[in-house]
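Coming up is one lone chain in structure tokens, specifically the form predicted alone.
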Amino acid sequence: MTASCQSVSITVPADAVWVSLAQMAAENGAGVFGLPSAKALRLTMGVEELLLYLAQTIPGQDVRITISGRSTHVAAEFEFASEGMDLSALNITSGAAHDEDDIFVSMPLLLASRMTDGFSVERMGERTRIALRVDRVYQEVDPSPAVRGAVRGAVSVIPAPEAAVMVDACARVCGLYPVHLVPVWFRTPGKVVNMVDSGEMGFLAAVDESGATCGMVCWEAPSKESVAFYGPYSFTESPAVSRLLVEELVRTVGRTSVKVVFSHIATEDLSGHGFEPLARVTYYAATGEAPCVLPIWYRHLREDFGASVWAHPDLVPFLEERYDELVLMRDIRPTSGMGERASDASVFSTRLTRELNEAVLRPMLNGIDNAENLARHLAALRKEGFQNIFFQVDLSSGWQAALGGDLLAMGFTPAMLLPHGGQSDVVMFQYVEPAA
């Protein structure tokens, strides 16, 4: 049994008297699943604060707490019955959205989200699931010298090679490629090894007859029907290395039920290998250098029989144009707020990557304050100096699709359409600074 499938669960009433038991389960579980003591303490404190918050809001109701060890983190998942609970303190902007009395009540929830490395929220009818995440600790690798070597003999492609090969490949990528083409987790290749071992990531290495690593490509699955890849990365002057990697990537993924492959980060080595342009995204460097343009590439692997998607009316022209270019059949159903009931407060998750000057927002809970919450997030991120601000919308959800109107009104523009990128197609919006 691997750490990615181990878990322990307890069910306790939402009452402060049960906090010590929940703390014990979190602390012991985190230790068994490999978190160092400082990280285990953060998870334990997050569990304590979240249970205290639930004790205030749903006193006495059963709460199921599951501590699970995953490949790259340890999670504490809370599942309980609720209706209309205010979870807005999970937002990174929660301090600006509450008065002093509200902050006092929601302080445990705010602390739980700040003590951990990330969270997710899901409402399933009358039940709610909140997961807190604490990441494992990994050592950073020293980048290898930025030198491309010669190929010695025939090159073969190895799937999921041994850990030493993956670590070496990540170090070479860090030394050879600019920062915007290097996934942040390549700097901690132990994380890459764990993700590959657990099946969360695919990895191909090109190796010549001398045993030297000549290149690599890796990928992950945003959904059951799509794959997003990084690379190909070549450590030689031979174009054959990239060609072999891309051909094997397509063959490997093609044996599965995946319908589409697109690039998350594509290098120039990809050009001319059967992929079509999907989008071009402008990235602004934190150092003040000239912005760079990152092309996004796409390839269909099997027939697409069409689907239905939701869209805000103002986004329909963009979608019609993109679906026509991609030759995809979609029934576009317009949606916007029609006064239907929503929870009092929305929740957006925020992934910050300071090395890339990037913030990616995802909607978690629908609320009557969607527009105000979006404005608060945008103002806070701009104040912090983030220039690459993205918002991900899944068109399988009517309420998420309806956010398109608020996004467009606040200066976001649809940067790319990712077929099958989530539960359905996904639109990535990018904030564009108004012209001076």
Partner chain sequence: MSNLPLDRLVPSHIRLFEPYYPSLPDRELMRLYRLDHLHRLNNNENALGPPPAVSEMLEKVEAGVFPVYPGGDSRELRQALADKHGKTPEQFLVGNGSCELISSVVKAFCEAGDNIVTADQTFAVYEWVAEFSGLDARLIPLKAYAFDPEAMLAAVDGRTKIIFVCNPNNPTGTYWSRDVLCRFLDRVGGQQIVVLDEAYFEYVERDDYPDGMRLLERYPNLIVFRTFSKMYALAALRVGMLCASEELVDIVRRAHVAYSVNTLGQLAALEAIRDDADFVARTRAMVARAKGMLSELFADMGLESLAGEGNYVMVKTPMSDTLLHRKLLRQGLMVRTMTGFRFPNWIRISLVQEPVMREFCTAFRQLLDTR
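Note that the coordinates shown come from a computational prediction; the quantities given were computed from them, not determined experimentally. Residue numbers count along the first chain shown, from 1.
Just so it is clear, the following notes concern the form predicted together with its partner chain, a form of the same protein that is not shown.
G254 is the sole member of G118, P334, G254, P295 with a non-hydrogen atom lying within 4.5 angstroms of its partner chain in the predicted bound form. The contact residue chosen from E220, D304, D344, D135 relative to its partner chain in the predicted bound form is D304, the criterion being a non-hydrogen atom within 4.5 angstroms. Contact with its partner chain, judged by heavy atoms within 4.5 Å in the predicted bound form, is confined among 352-360, 323-331, 175-183, 156-164 to 323-331. Proximity of G274 to its partner chain in the predicted bound form: non-hydrogen atoms within 4.5 Å are present. At the 4.5 Å threshold, heavy atoms of R152 stay clear of its partner chain in the predicted bound form, well away from it. For the chain shown alone, V250 is a contact residue for its partner chain in the predicted bound form, at least one non-hydrogen atom being within 4.5 angstroms. Mapping the unseen interface onto this chain, H312 falls outside it, with no heavy atom inside 4.5 Å of its partner chain in the predicted bound form.
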